[in-house]
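Given next, in structure tokens, is a single chain: the form predicted on its own.
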């Protein structure tokens, strides 16, 4: 039943921001009598949708919920109150809510009212639903994915800069799904000047409706790291639906006004030791804006800086089955790595085919994994 609740929660994958994705199943005598999931912030939570579907059959039922029910008033009333009013006898929870306003308090409220509570059921799967929400609540930072596409020999563009297209149409569609689940997409000014990218979600409406019939793809916040505020006023992304934020160190009122005039929001950050936008401060700011998941799609300089600073939680690498030669451009700019012990270790979480390409999902290792020669 918890597995079913997790499947339901995934139906809110692209729409719940800044709230977590949550699913709920109500069971009476081994039969599902109601189920629901959270669709959008401000709309009823999963528990209340399941209670509404169950009606009077919710009394005496067991509720399977992927996340601890909330116990405070936000955009909607507390779910603990809804469960108690419905007469639910038992609540089974996937994981505790990391929100300090809820953490353990919702479970305590239920227990105090005589409801039997079980926790930690399929907890790893429940956590995987909301890596950004949990990280933002516990550590004040969004969850950061870095997406890269390369040839089999690790090249992202020819020496001339030509890079369209390294990977297949299947891989590019997969990237748009990554964008659709992200709260923000970050790129660098170098990519903007070289490629003039859209940085938006472009999914075939019929395909999207077949996969996610209850959702509409939203546009993530586009973020351009532009230390010197060189953003072209005719950049394509500025004319598209959705917001564009320019993160800069440039404090010139004229330059800022020029960017504002074409629809960009500008945020000035203190420079890092290299006189560039401090990426850690940028991510802290995005977390303050309730950004849960960030996707970095950038060239080797910005991607390398994020990796070097330990800001990347997950690396998604698409590998195309061709070779581009040693004169082509590499994945990361990581100066200063001269000895084997300085390598940045990675652990493979997932490996699968996407069309003719390979998609590797990796996470930074806590120290380089040991192994033989």
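Positions refer to the first chain, counted from 1. As the structure is a computational prediction, the values presented were derived from the model and not from experiment.
One more form of this protein should be noted, the form predicted in complex with a small molecule, which is absent from this view; the next part is about it.
Undergrad: Check for me: heavy atom within 4.5 Å of the small molecule in the predicted complex, for each of 72, 133 and 137, yes or no.
TA: Judged in the predicted complex, 72, 133 and 137 all sit within 4.5 Å of the small molecule.
Undergrad: If you check 200, 183, 99, 156 against the small molecule in the predicted complex, which one has a heavy atom within 4.5 Å?
TA: Checked against the cut-off, the match is 99.
Undergrad: Could you tell me which stretch in 304 to 312, 55 to 63, 40 to 48, 331 to 339 has residues with non-hydrogen atoms within 4.5 Å of the small molecule in the predicted complex?
TA: Flagged stretch: 40 to 48.
Undergrad: Do residue 168 and the small molecule share at least one heavy atom pair within 4.5 Å in the predicted complex?
TA: Flag for residue 168 set to no.
Undergrad: Given that the partner is absent here, does residue 20 sit within 4.5 Å of the small molecule in the predicted complex, heavy atoms only?
TA: Contact with the small molecule, yes.
Undergrad: Is the gap between residue 76 and the small molecule in the predicted complex 4.5 Å or less for some heavy atom pair?
TA: It does: once the small molecule is placed as it appears in the predicted complex, residue 76 has a heavy atom within 4.5 Å of it.
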